[in-house]
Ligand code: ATP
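Below you will find one chain, with nothing else, as structure tokens; this is the form predicted alone, and questions on how it binds or moves follow later.
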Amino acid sequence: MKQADLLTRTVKENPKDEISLNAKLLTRAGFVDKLASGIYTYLPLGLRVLSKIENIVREEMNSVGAQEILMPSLLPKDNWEKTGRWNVEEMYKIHDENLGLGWTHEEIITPLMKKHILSSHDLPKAIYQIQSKFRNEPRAKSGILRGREFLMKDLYSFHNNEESLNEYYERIKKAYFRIYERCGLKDKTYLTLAGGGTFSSSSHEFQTITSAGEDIIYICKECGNAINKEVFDKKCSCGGKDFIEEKAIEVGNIFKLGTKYSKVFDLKDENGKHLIMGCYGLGVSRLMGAIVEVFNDDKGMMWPKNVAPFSIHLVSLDMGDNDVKQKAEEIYDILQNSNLEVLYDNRDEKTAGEKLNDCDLIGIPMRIVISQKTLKEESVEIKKRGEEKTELLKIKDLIDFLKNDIQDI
């Protein structure tokens, strides 16, 4: 992608109506545009990141045998009246049509499964979707961490016994940690015991440590698991009593639903036994915001390699020099033909300082600079985002270097 052709542009000043760091940086770098409180447009760079996170989530859900569908966002009142959740504050409603906008989908997936699960031979089943959700969020002030419209993965599993549910629940825990590892958050994300609300006595959250967190968790020094402050009683299930208090962002939540919904919609096996359900949520856009809150410095964002909008930011500093410009174009074509994702800053109107500042703000993992100075050495300057050191690399060695080292970014 040539940066001169990119739809968006960077801005120096923070948006006046944003408080959270993720919203400030994403807006300044041209990843998102705020339409209203808690409602954002994902621009080309932002959509690339969102799509990469979405694909990681999809791959890991497929790996545990879940099947993807897409349910409607417009949901009929009747289903929600059966569970007593039509009047919840979270739901946006279209009263003259007796419809609501989907903020969760237990009331839709359960009756749907009555048509497809006919006996215990069909079990277990796990069905998920990745879809825009709508939630009447009174605290929409944290950028894309807490939106009124947001992208979410919700997975529902169906079982005919507790043993089956428990086994799948543990598989999901492992799959979630693989997601966070691939997104660069494994070392900062903790399995956290939390309240179960109306579903059960407890549930599990996945909490990522950051000073921007809205939750307080206590990490057990003995086992490494955590407990949310709302259920903390100063003792871990492993017996540990020493904890580290941290602020954190919830990036996933899993529940054992039991038969709460299967009883309402009379979802049974051939023996008349109501099926046992599990629910597994992960906010895809929220995860993107959490990554920004964790990976940044005073210059801008620092994207982990698997979710970065591009792997390489190629920068030509002397576009007025025909030799530099020609060589930069050649390098760009070589990178493209080598199936490397590259954003090429070919803008004529920007100074060297502005271009380098934009590199730091956008936060692509590797920067490659070509200039009159480097061209004299038949080289380019290589620098990894977040590191101070730079090195010169012969242009003839560039592709081999990238193929060997791009995974280490």
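The structure presented is a predicted model; accordingly, all values stated were derived computationally and were not measured. Don't overthink the numbering: it's just position in the shown sequence, from 1.
This next part talks about the form predicted together with adenosine-5'-triphosphate (ATP), which is not shown.
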Residue-level question: is A175 within 4.5 Å of adenosine-5'-triphosphate (ATP) in the predicted complex, judged on heavy atoms? no
Quick one: is L282 in contact with adenosine-5'-triphosphate (ATP) in the predicted complex, heavy atoms, 4.5 Å cut-off? yes
Check M91 for me: does it contact adenosine-5'-triphosphate (ATP) in the predicted complex (non-hydrogen atoms, 4.5 angstroms)? no
Hey, in the predicted complex, does E137 get a heavy atom within 4.5 angstroms of adenosine-5'-triphosphate (ATP)? yes
The one residue among F255, F265, Y218, W80 placing a heavy atom within 4.5 Å of adenosine-5'-triphosphate (ATP) in the predicted complex is F255
Could you work out which of R146, R182, H159, K260 is the residue within 4.5 angstroms of adenosine-5'-triphosphate (ATP) in the predicted complex, going by heavy atoms? R146
Listed range touching adenosine-5'-triphosphate (ATP), judged in the predicted complex by heavy atoms within 4.5 Å, from 231-239, 318-326, 107-115, 283-291: 283-291
